[in-house]
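Just one chain is shown here, as C-alpha cells, and it is the form predicted on its own.
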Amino acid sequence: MKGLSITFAATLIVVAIFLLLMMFERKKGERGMSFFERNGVLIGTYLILAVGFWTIVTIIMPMVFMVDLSFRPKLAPSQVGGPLDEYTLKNYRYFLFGSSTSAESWNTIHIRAFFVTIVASIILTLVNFAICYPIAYYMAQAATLKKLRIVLLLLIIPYWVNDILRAFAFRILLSENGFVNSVLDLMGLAGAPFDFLGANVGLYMALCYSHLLIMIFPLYNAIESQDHNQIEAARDLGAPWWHIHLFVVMPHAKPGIASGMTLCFMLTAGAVATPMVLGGPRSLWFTPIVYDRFYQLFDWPQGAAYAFILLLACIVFVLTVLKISGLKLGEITR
C-alpha cells in the first residue's frame, strides 16, 4: 500500500509539472480558438480522456512505479511491505561496483556495456541521419507525386515483416555459411569466411535498418513544409549545394531532425530482441543485461535500477539535442 500511495502521489506531481511546463511554453497574449471550440465538446472530451489515460496509466504510472521499485531490496513476496522493505541504494551500488556491500572494484562489465550501448546508439543515430536526409529531401522537394508514391511504397513494404524475422534474416545473410560470405568466396575476395556476426556487423546493420522510417518521416515532414522558392533563391544567388542544405534547409528542418534523432536514439538504445538475436559472442549490449536482471535472476528491483539508468541516459540525450538545436520540447512536434 505504501508503494501504491507513493506511485499515485508521484504521478500527480509529474502530471502537475507537465501541465505547468505546457502553460509556461504558451506565449503570453496568444489567444486563439479554445480547444473545445476547435474540436467540439464531444470530440474534445474524448481526446482529453483518451490521451490522459494513455499518458498517465500506460506511461507515467509504470515509470514512477519502476523508479520506486529500483530503490527497494529484493524480497520474498511475503516480506514486501514489511519492516525489511526500506529504501536502499544497493541496486545502483551493484551497477557501479558489482556488489551491494563492497566498493573495492568497479563493475567494468556492466559499465562498459552501458557506455558501449550509448556511444553505439549515438553513432547509429548519426548514420541513420546521414542515410535518411538525402532520401527525405528528395521526397519532399524534388520528387514528383508519382515518384513519391513509389518511394513511399519501397520504404514501407519491407516493414510489413516484423523485427524478429528481419533479425533472423540478417543472421542467415551474414553467417559464416551465409549469402554474403558465399558471394565473397565466389568472387575470390576472401580466403576464409568473415565473422560478420562476431564483429557485430549484423547487429549494427539491423539496428540501423530497423529505424530508418523513424528518421525519414519526421525529416520529410519538416523539409516538405519549407517553401521551395527559398531553395531556388539561394541557388540563383550562387550558393553551392552544401551551403543550401547547411544554412537553408537544415535550419528550417531542425524540429524534424531533433524529433527523428531522439526517437532513433531511444529505440536503438532500448532495443532488446535484435541484440539478443544478432549479438556476437563478444558483444555486450546493455538491454539484454537488464532483461537478465528481470527474467534470469528474477531480481526486479535491480532490473528496475538498470532500466532507470538507461532512461536517464536517454533523457540526457534528448535535453542535449534540444540544447544544441535551440528548440523547446514542444517545438520538435511541429
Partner chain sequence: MKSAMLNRFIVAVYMVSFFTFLLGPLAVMVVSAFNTPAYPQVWPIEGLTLEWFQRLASDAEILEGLRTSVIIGIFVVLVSVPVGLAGAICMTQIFRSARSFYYFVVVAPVLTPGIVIGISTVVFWRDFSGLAGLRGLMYDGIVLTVLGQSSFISSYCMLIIMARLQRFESAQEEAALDLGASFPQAFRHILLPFLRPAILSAAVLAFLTSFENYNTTTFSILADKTLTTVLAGRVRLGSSPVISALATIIVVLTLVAALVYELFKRREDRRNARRKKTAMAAEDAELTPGSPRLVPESTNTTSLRSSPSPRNAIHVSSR
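Residue numbers count along the first chain shown, from 1. Between two forms, the rigid core is defined as the largest C-alpha subset superposing within 1.5 Å. In this text the structure is predicted, and so the values were computed from the model without any measurement.
Separately, the form predicted in complex with the partner chain exists; it is not shown, and the next lines address it.
Should the three residues Ala113, His243 and Ala253 be counted as contacting the partner chain in the predicted complex, with contact defined as a heavy atom within 4.5 Å for each? Negative, none of the three is within 4.5 Å.
4.5 angstroms heavy atom contact with the partner chain in the predicted complex for Ile214: Flag for Ile214 set to yes.
In the predicted complex, is there a heavy atom of the partner chain that lies within 4.5 Å of any heavy atom of Phe247, even though the partner is absent here? Phe247: no contact with the partner chain in the predicted complex.
Taking 4.5 angstroms as the cut-off for heavy atoms, does Tyr209 touch the partner chain in the predicted complex? Yes, Tyr209 lies within 4.5 Å of the partner chain in the predicted complex.
Do Leu297 and the partner chain share at least one heavy atom pair within 4.5 Å in the predicted complex? Looking in the predicted complex, residue contacts with the partner chain do not include Leu297, since no heavy atom lies within 4.5 Å.
Please tell me which of Leu126, Leu89, Leu96, Leu148 lies within 4.5 Å of the partner chain in the predicted complex, judged by heavy atoms. Result of the distance check: Leu148.
Just to confirm, with a 4.5 Å cut-off on non-hydrogen atoms, which of Val119, Ala192, Met187, Leu165 contacts the partner chain in the predicted complex? Flagged contact: Leu165.
Once the core is aligned, please say if the CA of Ile315 is shifted by at least 2 angstroms between this form and the one not shown. Superposed on the core, Ile315 moves its C-alpha less than 2 Å between this form and the one not shown.
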